[in-house]
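One chain comes next, on its own, written out as structure tokens in the form predicted on its own.
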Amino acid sequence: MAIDLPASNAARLVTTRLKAQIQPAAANRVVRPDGMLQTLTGQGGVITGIGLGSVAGAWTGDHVEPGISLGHPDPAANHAVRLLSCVGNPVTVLDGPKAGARGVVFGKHGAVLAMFAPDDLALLAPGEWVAIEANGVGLSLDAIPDLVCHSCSPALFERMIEPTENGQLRIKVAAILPAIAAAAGIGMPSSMFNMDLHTSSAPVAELARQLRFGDLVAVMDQDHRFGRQYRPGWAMVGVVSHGTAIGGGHGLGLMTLLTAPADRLLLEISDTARLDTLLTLPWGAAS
């Protein structure tokens, strides 16, 4: 017998239409572990040829953000874009040759990250504008107040959560990582920025080797309710959003989706724990 999802406040959440601009690309100068300086493709711009489901650590770059990276030149508006956008929110191109093309928010870094079909990405350019139908901030379950969501749309939440008979919430993830995986991003606002993973250090390196953009990943002993901190007995679940980095304390980017006491969650390893299977993508298939 199917078990109903505990009641949420999804129907009471506000939908806000945001305007955002595709950000310019960066070339990052980074110091390698051996002390040598190296210049690599960085964040921002329009990244083609890499999509949801692509192995995130397979690319030569620094914090590479696949798809498009979004922000706003006005600081107040940029704050709203970064705070209110949620994974799973629809994105529509407003100008340029692909006006009307539809994509989806899949993560955050410093910018909000969105993915489009490969044919659409081929004609998008920095400086063009999009609209984001932002919905999800404040999402909560009435019966589980100690489960806190960040940057998670109700549509994604309903598909990634499965209630169980003993009251736990089953969540399928691509990997379950120990607390030592938590790196850059500790202490930063969970609703606006990602947390990097120590993917160059054992035992995390082997566990993270095949992680893909859009994979759901759990990190244990992490409490991300009010910023990010180490707390035994808690856990977070996030989505792989940006590529790896060679600088100390940096690695694959994991955007927080929810955090809760670990005994509230039943985490299961699954090959289907990824956005391109959980979301209905506007282009109809994984990119």
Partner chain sequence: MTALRDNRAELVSAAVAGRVAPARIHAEAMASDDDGRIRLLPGTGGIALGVHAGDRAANWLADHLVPGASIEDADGTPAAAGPLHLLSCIGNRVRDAAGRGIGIVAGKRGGLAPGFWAPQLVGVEISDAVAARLNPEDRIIVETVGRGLKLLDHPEITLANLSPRLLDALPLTQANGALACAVCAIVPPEAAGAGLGQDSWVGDLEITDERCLAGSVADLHFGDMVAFADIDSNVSRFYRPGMASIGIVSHGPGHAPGHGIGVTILLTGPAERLIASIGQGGMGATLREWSESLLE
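Residue numbers count along the first chain shown, from 1. No experiment lies behind these values; they were computed from the predicted model shown.
Omitted here: the form predicted together with its partner chain. The next part is about that form.
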(message) Contact with its partner chain in the predicted complex for Pro33, defined as at least one heavy atom pair within 4.5 Å: yes or no?
(response) yes
(request) Tell me, yes or no, whether His198 is in contact with its partner chain in the predicted complex, where a contact means a heavy atom of each within 4.5 Å. (result) yes
(request) Spell out, yes or no, whether the shortest heavy atom distance between Ala99 and its partner chain in the predicted complex is within 4.5 Å. (result) no
(message) Under a 4.5 Å heavy atom criterion, is Gly187 part of the interface with its partner chain in the predicted complex?
(response) yes
(request) Report yes if all three of Gly49, Phe106 and Ala125 come within 4.5 Å of its partner chain in the predicted complex by some heavy atom, otherwise no. (result) no
(request) Could you tell me which of 252-260, 53-61, 225-233, 66-74 sits within 4.5 Å of its partner chain in the predicted complex, going by non-hydrogen atoms? (result) 225-233
(request) Just give me the single entry in Leu207, Ala131, Ala179, Ile144 that has a non-hydrogen atom within 4.5 angstroms of its partner chain in the predicted complex. (result) Ala179
(request) Just give me the single entry in Leu121, Ala155, Ala183, Ile171 that has a non-hydrogen atom within 4.5 angstroms of its partner chain in the predicted complex. (result) Ala183
